[in-house]
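Next comes just one chain, in structure tokens: the form predicted alone.
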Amino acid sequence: MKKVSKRIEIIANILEAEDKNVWDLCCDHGQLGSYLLENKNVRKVFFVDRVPKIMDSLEKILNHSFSKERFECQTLDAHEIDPTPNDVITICGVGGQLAISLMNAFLKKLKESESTYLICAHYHMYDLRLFLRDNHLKLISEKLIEDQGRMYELLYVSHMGSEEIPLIGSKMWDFSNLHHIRYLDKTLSHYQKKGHQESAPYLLYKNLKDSLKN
């Protein structure tokens, strides 16, 4: 298997997926699920994408490396998957609003099960965190990842945890890291350009920025 990105490697290594089913949603080239099959003791990986060409190509590649009992490729809309309680569901490489839509569908099926969700979305992270918190999910861990000049917030959540999900992150920040400071500044600039200086997220991020000056 060819080398994966730093982002994929960090996502895979944060998962507590030993002897569990893992869903790799909107999987594109299936790098996350393939890495898990190769490096982790997962029970089975379900690769899901709605594009038949992607699934056909991926299945041929996987057949050369892994037993068919260890993976399954499903060509369908990710909203339609049928996970079981205690599965690990990964939602990576999509926008925050789509992540919210997917989570809304899964929570209706699984209720407050022992399933865990690992989400690494683009944009709208405040809205996503608020949605997760409003639906009583708890934080297992979070991480801010820099990969090839882009920043990604990684959220690992479950109903079984005990820590409330922070709306702008808490443990993920490392302000000795210049990438983290730039990400905070870029986020503040986004709300300013939108004219949202009175919004709750802007004020929270600004308070965080101001605290660095003290």
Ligand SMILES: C[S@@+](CC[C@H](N)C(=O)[O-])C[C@H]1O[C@@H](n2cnc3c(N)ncnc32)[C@H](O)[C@@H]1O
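If you're wondering where the values come from, they're calculated on a predicted model, not measured in any experiment. Note that residue numbering begins at 1 and tracks the sequence as displayed.
Unshown form predicted together with the ligand; subsequent notes refer to it.
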| property | result |
| --- | --- |
| Sole residue of 54, 168, 188, 145 within 4.5 Å of the ligand in the predicted bound form, by heavy atom | 54 |
| In the predicted bound form, the residue from 114, 77, 127, 72 that sits within 4.5 Å of the ligand by heavy atoms | 77 |
| Distance check, residue 27 to the ligand in the predicted bound form, heavy atom within 4.5 Å | yes |
| Any non-hydrogen atom of residue 93 within 4.5 angstroms of the ligand in the predicted bound form | yes |
| Partner contact for residue 98 in the predicted bound form: the ligand, 4.5 angstroms, heavy atom | yes |
| 4.5 Å heavy atom contact, residue 43 and the ligand in the predicted bound form | no |
| Residue stretch of 46-54, 178-186, 155-163, 61-69 approaching the ligand in the predicted bound form, non-hydrogen atom distance within 4.5 Å | 46-54 |
| Contacts with the ligand in the predicted bound form, stretch 164-191 (heavy atom within 4.5 Å) | none |
